[in-house]
Structure formats: structure tokens, C-alpha cells
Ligand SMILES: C[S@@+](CC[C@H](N)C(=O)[O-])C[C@H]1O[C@@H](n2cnc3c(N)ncnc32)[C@H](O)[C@@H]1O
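In the block that follows, a single chain appears as C-alpha cells, in the form predicted on its own.
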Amino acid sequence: MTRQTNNNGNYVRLPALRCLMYEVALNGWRVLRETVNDFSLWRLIEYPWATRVLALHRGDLVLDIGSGTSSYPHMLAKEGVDVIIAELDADRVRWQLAKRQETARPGDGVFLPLVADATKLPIRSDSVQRIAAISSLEHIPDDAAAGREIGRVLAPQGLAALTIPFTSTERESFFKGIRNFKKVDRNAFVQEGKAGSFFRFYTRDDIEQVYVQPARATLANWGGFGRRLLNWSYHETKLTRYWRRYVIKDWLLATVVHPLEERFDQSDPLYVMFTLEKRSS
């Protein structure tokens, strides 16, 4: 499975505006008014970041873990990147296949959605040069098994781009007074009345134990998003009812407010973004 080009320059780029344009092309103009598949502010930050840190070229191969109904693998394919999706939910895999059939065009990269468990990946060890897991690992109860599998399949000197929720200490609530998330473990919550909606926050030590050490990796490209203004004054407030509406506002927040917040605000981010680079054996 290992296949990565050695081109210099000519990297694939997915700036926020390009992501937005792809989302419209994939799902229609209606996404500007009422987003689908959870495409909103955070994705306009995560997708450009992950694409940049993975240093992708046309023809490279990415394993996307826990894709759900994300548009990110389709965006990569439109840029000529080959994508393998590992998604446990068969209905979501069928959705991905249907969306691919609707929107495929000549010159796209290979697109292969698989029904696969992130804790038991059907992929040989040390075989994948590039892995992406965008806002997906926090929904896996056995995240330690998923972390071991990422470390197992990642090739030596390969890169994994991960984004996960963060806390420096301990989260006592999530969406308190807005949505019914019940705390079930340290930094772990389940949404009441919504089967399977599990959500976990990570400390720096958790990240080291669950993802860095099993991969025998170096941690790099550390960043975050969603601090006081974008999270505590907007996302985790009653204003969240506008979270999925009017995506143009999210593009402005991602390109103007987010960089300023990251530069001047030292509070905990809602999410952290980082890469794992697996050391050579």
C-alpha cells in the first residue's frame, strides 16, 4: 500500500475558500444557508491544516479514518489524491459511494470507501505513508485500540494528521444547558437520547499515551482552535443554533477571527491539531 511521490513543490492545497467551493459543488448551494454533514467553521480550519501538514501531491495515497459523511476525502480526490476511507457505519460508506458516483470526474484520484473498524484495520503493518483522522477519534470508546492501530499501519517516517478535543485539566461538562451530554468517565460524555453519540476530551498526557507512544512517533505541527471567543462565547452557548447556518460567516471566522484568536488568546482550545511522524525502526 505504501506509495508516496518524491516531487518537490507543487503541493496540494485546500485553503478555506476552496473547501467552501468544493462543498457547494458536492452538496449544492443550499449548504451556504444550512450546512450538511457538519461542514462548518471547524472544518474550514481543519481541512486546510491537514492538507498542508501532510505535504500531499497528486497521486499520493491517504487513509482517512472515521470519515462518516465528511466531504474531505472527496476534496482530496478532486485534487488528484488517492483516498481510502475506513468507516465503521455501512450506511455512511454507502453514502460515500453514492456521493462519489454523483460527483466523480476525469482526473480525480482513486476513491475507495471500506466498512472497517478503526480498532481493527484490515491493513498490513507499516504500509501507509499518510493518515488523516479529522474530528473522528474522539467518538471511538476504545480509543487506545485505535491509537495502536494508527501506530501499527503507519509506515516508518509516515505522517498522521489528527484533530481531537482538548482540555488541559478535566472537563466537567459539555454543552451544559444547551444539549444533554452526560459525563460517563473522566473527560468523556454521551449525548442522552442519541444512541452512540460518544465524545471524549484529551489532555496532553492522554495524547502522549494513546497516540504518540504506540506509534513510536514524534509529535509536531501542534496547533488549536476554538478558544474563548469562538468556543466559549459562541459555540458552547445558545448561539450554537446558528452553528450550522450561513456558512459564509464561518469562512470569515476561519480566515479572520481564528488566526487572531490563536495569536493572542492563551486559553485552552476546544480542539488541538497535530501530526505524528513515525520514527524509523
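Heads up: residue numbers just count along the shown sequence, starting at 1. This is a predicted model, so every value here is computed, not measured.
There is also a form predicted in complex with this ligand; it is not shown, and the following applies to it.
Contact here is defined as any heavy atom lying within 4.5 Å of this ligand in the predicted complex, and by that definition not a single one of 147, 188 and 206 is a contact residue.
Proximity of residue 48 to this ligand in the predicted complex falls outside the 4.5 Å heavy atom cutoff. When contacts are judged by a 4.5 Å heavy atom cut-off, residue 83 does not count as touching this ligand in the predicted complex. Using a 4.5 angstroms limit between non-hydrogen atoms, residue 224 is distant from this ligand in the predicted complex. Proximity of residue 92 to this ligand in the predicted complex falls within the 4.5 Å heavy atom cutoff.
Heavy atoms within 4.5 Å of this ligand in the predicted complex are found in exactly one of 139 to 147, 99 to 107, 165 to 173, 122 to 130, that being 139 to 147. Checked against this ligand in the predicted complex, the residues 161, 210, 153, 118 give one hit for a heavy atom within 4.5 Å, which is 118. Scanning 121 to 138 for heavy atoms within 4.5 Å of this ligand in the predicted complex gives 134, 135, 136 in sequence order.
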